[in-house]
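What follows is one chain in structure tokens, specifically the form predicted alone.
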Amino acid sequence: MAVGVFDSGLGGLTVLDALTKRLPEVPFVYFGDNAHAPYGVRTADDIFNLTCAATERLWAEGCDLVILACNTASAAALKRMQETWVPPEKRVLGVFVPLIEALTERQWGDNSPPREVAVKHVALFATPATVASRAFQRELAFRAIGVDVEAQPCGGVVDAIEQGDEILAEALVRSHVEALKRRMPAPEAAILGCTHYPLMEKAFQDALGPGVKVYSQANLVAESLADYLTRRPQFLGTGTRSRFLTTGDPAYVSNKATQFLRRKITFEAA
């Protein structure tokens, strides 16, 4: 009954943490493609090929349902995977839609025409590849009209977080927020469009100010998955144990992950 969770590096651990708290009875297999991180500076084809390879590895672990806990993969690869690659008996889901549903106050599966929503000015902070894909704007347009989205590519933030350099990460966050606010001085809401960014949520909130509602993904994705599995229990796979897999050096990644989540995490070679 295992579910797969994929990220290019450690950021997806923020989603995994929320998933395990919301669904303690479900074993999760986490795959971090640390050898190829970060994805945010790669081409769309490269991201697609790497994400497909990781997904196949999770299928081999008995995970018929895989969550792309990586906004870059969700933005640059998911649609193409679902349309051309994923077989009918498997499912691959991304992390954008639960966020957009929360922003537009929609229930899961509400496919009614796009409508006016309360929030009109939204700041999106994401990796360069996610910003370039315009996937967030595309999904938002299916659900809402009249929303102005200003996207800020946040180069360097993921690298700083993965390297454990919190001071540099905070400085980069402030710089990126200042750059966005020069173009959109008064955003009403901010989307943290990378699963690494919840670790910097306070830095984003402080830089944006108390009047901006900051949306982070982990808990929203966890609630969405719980709802999905209630309706589609057939996609609970055959896997029975939780594991942490990495394409990187297991000892190094385990050490960084333990610092990241502040609890002992042991990765195995994928």
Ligand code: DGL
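These figures come from a predicted structure and were not determined experimentally. Start at 1 with the first residue shown and count on from there.
The same protein has a further form, the form predicted in complex with ligand DGL, not shown here; the description that follows concerns it.
Visitor: Given that the partner is absent here, state which listed stretch (98-106, 179-187, 68-76, 84-92) has heavy atoms within 4.5 Å of ligand DGL in the predicted complex.
Guide: Comparing against ligand DGL in the predicted complex, the contact stretch is 68-76.
Visitor: Although ligand DGL is absent from this view, report whether Cys194 comes within 4.5 Å of it in the predicted complex, heavy atoms only.
Guide: It does: once ligand DGL is placed as it appears in the predicted complex, Cys194 has a heavy atom within 4.5 Å of it.
Visitor: Classify Gly239 as contacting or not contacting ligand DGL in the predicted complex by the rule of any non-hydrogen atom within 4.5 angstroms, answering yes or no.
Guide: Result no; Gly239 lies far from ligand DGL in the predicted complex.
Visitor: Within a 4.5 Å heavy atom cut-off, is Gly40 in contact with ligand DGL in the predicted complex?
Guide: Contact with ligand DGL, yes.
Visitor: Answer for Val158 alone: is it within 4.5 Å of ligand DGL in the predicted complex, judged on heavy atom distances?
Guide: Val158: contacts ligand DGL in the predicted complex.
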